[in-house]
Every structure is written in C-alpha cells, then in structure tokens.
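Encoded as structure tokens, the following chain is the form predicted on its own, with no partner shown.
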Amino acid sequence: MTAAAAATSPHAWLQAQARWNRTEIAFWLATLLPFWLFPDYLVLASQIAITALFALSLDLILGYAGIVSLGHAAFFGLGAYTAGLAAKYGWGEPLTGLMLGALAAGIVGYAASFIIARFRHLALIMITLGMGLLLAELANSLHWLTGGTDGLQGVKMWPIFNKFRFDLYGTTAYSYSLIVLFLCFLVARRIINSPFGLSLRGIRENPLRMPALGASSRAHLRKIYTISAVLAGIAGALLAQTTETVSLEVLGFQRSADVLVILILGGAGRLYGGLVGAIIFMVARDQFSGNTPQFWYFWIGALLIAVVMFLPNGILGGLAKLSSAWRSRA
C-alpha cells in the first residue's frame, strides 16, 4: 500500500502492519535450521546474517525514504575499523565493540545527513559515492592506524560474556550475528510501522508536499539516515569481531554495490527484501565462485538481469503479486 492510500486510515493500517503474521514467524524459525541441517556452513550463515543487517540498513534509506546511496560501505567500514581498533588496543569485549562501532558510524552519519538531506537523485548518488571513496582513501593513507592495504592486524576478541568463545566452526559467530540481526530488525520494524515510517513513505513519494502536512522532510531524512548509519556500523563491527580481521575492502565501492544488488534482488521497501536478497546473493556467490571462480560475477549479473526483467519489484514483490493474483482467482 502506498502512503497516499494509507493516509485514509493511517492508524488502522499501521496497527495491521505491526502484527506478526505466520510467514514472518516461520522465517525467523527457519533461521535456526542451519544449526542442525547445515552445521558445516555456519561460517557462511554468519556472513549472511551480517550482510542481511547491512542490507536492512540500506533499505531504511533507499526503500522507505528514497535516498539512493553508492557509498553506504563508509559506515560499514567505520564500524568495522572502530571495533577492530578497540580489540587491537586491548578492549576485545564484543558488546562494547558493537556500541563503539555504532557510535562512530552514527556520528559521521549524522554529520553527513545535513548534506544528504539537501539533495536528491543524481546529485545524491554522486555525493554518497564521493564520500565513500574519500573515506576509503583516508583509511588507506592512515597506514599507521589502519594497516592500509595490509589490513588491521592483531584483532583479538574476548569470549562473549567471558563464556562463549568464537570458534572455527562458526557456532558462536552465527548465534551472535543472528541475535544482533533480530534485535536490530525489531528496531527497524518498529520504526517502519510507526507514524514516522509512514511519513518517510510520503517523503519518498512526494518530498515537496509532505511539509504542507506538517512533516519536516529534511529533519526526517536526517533522522533515518543517522539510524541507517548506526545499523550499518553495527554490521561492520560484527564482521570485524566474527572474523577478527579488517581490511580496506570493508570501505570499498564493491561492498556498496553488492548491498545495492542484494536489495534489488530481494525487493526494496519491503523490510524483508534485504534479508531474502542477502540469502540468495551469498549462497549464489558461494556456489558460483566454487564452480567457476573466474566468472562467478557473470552468473550474478545474469541473475540480476533476470530478476529486474521478470520481477521488477524484486523477489518479494513478485511473490506478493503472485499471491494477490492467486487470492483474486480463489
């Protein structure tokens, strides 16, 4: 439903959206299956959970507020380097590292939001891309701090609650990443299914008309951009903690492009689109890179073209359309 349609009965619509349905419950229960069905792939599962959180952070600004970003990896990398540096210099407590990563990304995101809220469309794409490239080059220049192209060395994480140690099998990493993903998803779900989230949809559809309805477009965009940066920083901190490595790749354009592809595959503006897209993209990359290491991006490109041509609203959008058609026939 669009913001204009929702405006006829916003409170009833928001209450309906806030209710958990059986499909959602089944989805989150299915995330526990790797512990029993795929115990050898828990490391991959933890990477999927981290990527899903990163995609969720981008969905908040792209899918709901209409902010197109090609430099979102800047906040992901900030979170990763902050958590990694804290662990390297003597404080490897995971939860503190998450908070520090979120804080660093949030501060930079808030400062950048004053620029982001002033522009739209092509100018916004260029600005976010430039910001991402500048931060990546800054990290490369600060070799004494970040390790430059060699990566950040000496990251040692403590056991979670001094009890659960990160192991080679990925059991702790996946459990930890999944719990953080779920908690962040609850926050994002609450935001989207609130009057603030409804205002974001209106700004996405018509940013000039919303101020006439009492919603400050720029203030709302600054808020959601900061929240998105915080979630991206948490995702980056998770990656640094579960792998105990941080490289320049976390700030690279490729990561920003990949998460955009993930969101297009799953369906932007559907909350679960980033999660479903992350599962499909990461599993496909794992399989394609194993079969054809030199050409696996060719198959990813073919998959993306097929989805855009036949499911322009993403996989979840296509499934919703099929479900609607089936219900109308029934």
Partner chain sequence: MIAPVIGVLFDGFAYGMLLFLLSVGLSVTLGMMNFVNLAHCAFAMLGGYVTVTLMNRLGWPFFASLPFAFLLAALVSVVFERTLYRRLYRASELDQVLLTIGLAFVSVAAAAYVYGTVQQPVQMPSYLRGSVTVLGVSFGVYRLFLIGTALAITLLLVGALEYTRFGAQVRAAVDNQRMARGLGINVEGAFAFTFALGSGLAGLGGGLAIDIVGLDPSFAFTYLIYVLIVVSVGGLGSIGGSFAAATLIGISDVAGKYYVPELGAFLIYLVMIVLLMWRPAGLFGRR
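Keep in mind that this is a model prediction, so the values were computed, not measured. So that the term is clear: the rigid core is the largest set of C-alpha atoms that superpose within 1.5 Å between two forms. Numbering follows the first chain given and starts at 1.
What comes next is about the form predicted together with its partner chain, which is not displayed.
Contact annotation: residue 264 falls within 4.5 Å of its partner chain in the predicted bound form, judged by heavy atom distances. Although the partner is absent here, residue 165 lies well away from its partner chain in the predicted bound form, with no heavy atom inside 4.5 Å. Of the heavy atoms in residue 100, none are within 4.5 Å of its partner chain in the predicted bound form. Taking the partner from elsewhere, residue 33 is found to have every heavy atom lying beyond 4.5 Å of its partner chain in the predicted bound form. The candidate spot formed by 21, 43 and 325 lies out of contact with its partner chain in the predicted bound form, as no residue has a heavy atom within 4.5 Å of it. Proximity to its partner chain in the predicted bound form, taken as a non-hydrogen atom within 4.5 angstroms, holds for one residue of 126, 183, 95, 107, which is 126. Shown alone, this chain has one stretch from 61-69, 44-52, 23-31, 271-279 that lies within 4.5 Å of its partner chain in the predicted bound form by heavy atoms: 61-69. Although its partner chain is not shown here, in the predicted bound form the stretch 132-150 places heavy atoms of 133, 134, 137, 138, 141 within 4.5 Å of it, in sequence order. The Cα shift for residue 310 between the shown form and the other one, taken after rigid core superposition, is 2 angstroms or larger.
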